[in-house]
Structure formats: C-alpha cells, structure tokens
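In the form predicted on its own, a lone chain appears below as structure tokens.
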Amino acid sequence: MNIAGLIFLILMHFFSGRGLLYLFNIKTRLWATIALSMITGILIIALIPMLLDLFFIPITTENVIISTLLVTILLNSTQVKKYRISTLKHITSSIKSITLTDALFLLLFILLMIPSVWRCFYFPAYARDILSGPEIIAEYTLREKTMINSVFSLNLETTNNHLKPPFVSGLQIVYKMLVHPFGELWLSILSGSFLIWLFSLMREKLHPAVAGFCLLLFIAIPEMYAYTYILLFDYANAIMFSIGIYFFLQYVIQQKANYFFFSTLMFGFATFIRSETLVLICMLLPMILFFFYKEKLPVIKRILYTGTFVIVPFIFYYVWMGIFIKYYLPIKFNVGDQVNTDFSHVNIFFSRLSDLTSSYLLGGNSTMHYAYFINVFCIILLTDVIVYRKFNTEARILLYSILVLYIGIPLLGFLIPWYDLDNTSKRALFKMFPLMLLYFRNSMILQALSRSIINWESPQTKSVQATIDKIIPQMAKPKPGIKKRGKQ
C-alpha cells in the first residue's frame, strides 16, 4: 500500500471539502465540520476521472494528481484567510470537552469499525453489481487511460451495472492508482466520517450515554454494517440523502439560504450516486412548498428555490445519462425503455408496499437484516405520540422524509421493473435509518431521559469536586517534621 498516496488523498479530501463548506458558509461544530469536510471531499475527488474523460484528457497518475490539486486550490483560493491559528485553540478546547462517556463510546465504535476497515484493505471488491460494472471499468481505465475502454466492447446486455453513474468507479480509479490495488479504502474513510458526523449531531441534544447507545444501535444494523466494507452504491447514497435532509431542516430552522443551496447540492450528489434518487427528491417538493408558504417567501424566491431544488439534481443526472452515455459511450441505451409506462396495474405498487412492510420493516426477515433498530424507532415514536403528543419542526421534517421513503421505494419498484424487492429495495431502506437516528435526537422521551441523567450526575459531580477541593489544600500543606526549603 502506498502510504504517501493515502495521506495525500486524505488531505485533499479534507481541504477540498473544507473549501466547499466555506463557499457555502456552512458553520457547524468542529468534529461535525471535519467529518463533513471529508465526506464532501470524497464526492469532489469522485468527479475527477469523469471530468477528465469529458475533456478527452488521459486518466494518468500525473493528470489525476494535478487535477486534484487544482480543484482543491480553486475551492480554497478565496478562503485562505479563514484558516487561522486560532483554529488550533478551538481544536484544543473541543478535545477537552470530550467526556469520559464520550471517550468510552468512541473507543467502542473504533473497535467495531476495525473489522470493516480491515476487510476493505485485505479483500478485493466482490459484490456482483460492482464486478460487472464499476470495478472492471476501473481496472481497464488504469490500463487504457480512459473510462471509455474495451469493457464496453463486451456483450453486457444482461446487466446495466456498467451504465450506472461513475461515483464508485471514479473513486476506485483514484485509489487503485494512488493507494492500493484493491481501492476500497475510501469507503472506510466515508463511513467513518459519517459516523463521527452523526455522533456529533446526537451529542448536541442528548446526554453522551443516550447518544452513544443510539449510535451503537445504528452501527449494529447487520445489513447496513456489512455495506461499510461491501463495495456498492447504497451506503454512500444514504449518506448524501440524509445530509441533504439535515441541511434542509437547518434552512427551515435558521432561515439561511446557504443551507438550502447546500442541501440541494447534497441531493445532487445523491443522484450522482444512484440516478433514481431524483424521483424521491421530487417527492419532497410538497414539504418544501409548504415551508415556503408558511414563511411567506416571495413568489419569485419560491420559484427560484423550487427550480434550483429540482434542476441541480437533474444536472447531475443529465451529465451522465444525457451526455456521457448518449454521446461518449460506444453503446446505445435508452432510459425510457427501462421505465414502466403502463399505469393501469396500480396493484403492483400496493403489493410491493405490502411485501416491503411485511418482509423487511415490521416482520419476516426484519430483525435478521436490520436487528432491532426499526423496533426501537417504532417504540420511541409511539411513546412520543402517546405521552407528549408534540413534535418540533426538525422531527416533523424527518418523519415526513421517512414517509416519503416508505412510499417512494415501492413506487420506484412499480416504475422501474429491475428495481426488485430482495436486492435494490432492501438496500434502498438504508436511507431511512440515518433519518430515524436523527429523529432520536429530537425525541421528547430521549431528551427527558438525558435531562434526568444530567440532573442525577450534577450532585455527584459537585460532591466529587468538593472532595477534590478538600484534598488538594491538604496535599499542599507540609507534612509534620518537614520544613519548607528557603533561601540559604
């Protein structure tokens, strides 16, 4: 493994992502900012091989390194003054704010993720969808210096994996070229950064023990944990979708346009990873229009914001499906042929909704695939409904987004015949779980539990501090028979 190449890419991920956050004036807590910078930086680097191909530039090691440096410098060119020495003091204070409970849970999370990182390093990509698409494209790109390579001369009519957006293949090309023959380590960086981001958000509203336990339930979802080392599109797609939802709700709460546009960009990247996400994004429009109406946004701004919300993800979709595949690849592919145009059999949608619920969400193989995370979510939600009967704005947005996924995933199965239940739909549910976790931080019952623990800890803390205050002066006093040393 090329350690220097790995360090180079980690730095490029951070600084390119940090530059993007500065451009959008995104301000979060330190650990959330670091994690989010890494995530967005990975997205930026994933675009480089496709962009080189669009401009007919050979995909060589030198060109990838130069392009990565240029993109990073460009994103940070107007933001250099914001990198101040005072940031070091901020880091120090943030480290000091980590409690013992935080440290114990973080240690546990690291131990749980070590097997995932090891498998990314030690084993090559082996998922069927990857081997018949992104992985083989990446391998031949290294040999032929272009993504439009001899792979497309093979008869691949039985699969469409070679036609999926180049997020995975782009990162595999860069990591195979600069780090390791198997690539894949970017997935460990992405999933680890996402978990840090989630834990930072949970800690904003919950006690460390409650936040840590909730995140532990999330990490322990068997199916989702497996895709922190099985190379596919769905885990990364879930990350981008949940980040998009989070920054939209931040826009609603803080009324800052930069959060809305950053949310739109994240939905664009989600579409870049899985193109059918565009349908789910459009299903979010009623919620968005409702909040525009509620805050009495001027009509011109409503049109501008709504158009941006749809157009930006569509651009990501169109660059690959409408330009790259249509004009660059040496094969013919018509998206219209892949979509169901017979809407008379609506019963297919309700059948898929029923099967998804009974087989994966609330019965059947639910616990085998997702452990008890969904059960815990349902219990907490019912408790909030019965006991408190009120939800804040953030909780309502998250619940609506979960409902969109619950209806939208079966709808995609109705619209797209190859969107099957036991593979694609099952993994599409990954987008729900981060939203459920973010709901936990807004749960009235969990917030009440956090307050109870904090109130219980306060007297204990005061008692310990009082004991320390008594011990320290006594330790400072000279023992009998021992004289203080003075000037001779």
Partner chain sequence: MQQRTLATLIATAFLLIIFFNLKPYRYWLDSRILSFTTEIPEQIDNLDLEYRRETRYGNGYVMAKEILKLTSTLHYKNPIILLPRQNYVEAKGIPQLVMPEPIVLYLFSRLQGVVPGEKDVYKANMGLKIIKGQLELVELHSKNDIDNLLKDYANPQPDNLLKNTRS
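Computed from a prediction, not measured in an experiment: that's the story for all the values here. Numbering follows the first chain given and starts at 1.
What comes next is about the form predicted in complex with its partner chain, which does not appear here.
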Check, residue by residue, if S97, L198 and F292 all come within 4.5 Å of its partner chain in the predicted complex, counting heavy atoms only. no
Does its partner chain come within 4.5 Å of any heavy atom of K164 in the predicted complex? no
Residue contact check: E394 to its partner chain in the predicted complex, 4.5 Å heavy atom: no
Would H207 show up as a contact with its partner chain in the predicted complex if we use heavy atoms at 4.5 Å? yes
Considering only heavy atoms, tell me if I453 and its partner chain come within 4.5 Å of each other in the predicted complex. yes
At 4.5 Å between heavy atoms, only one of the stretches 298 to 306, 313 to 321, 237 to 245, 146 to 154 reaches its partner chain in the predicted complex; which one is it? 146 to 154
Considering V252, A125, L178, L232, which brings a non-hydrogen atom within 4.5 Å of its partner chain in the predicted complex? A125
Counting non-hydrogen atoms within 4.5 angstroms of its partner chain in the predicted complex, say which of Q338, S132, S351, T357 makes the cut. S132
Though the partner is not shown here, which residues of 10 to 37 have a heavy atom within 4.5 Å of its partner chain in the predicted complex? none
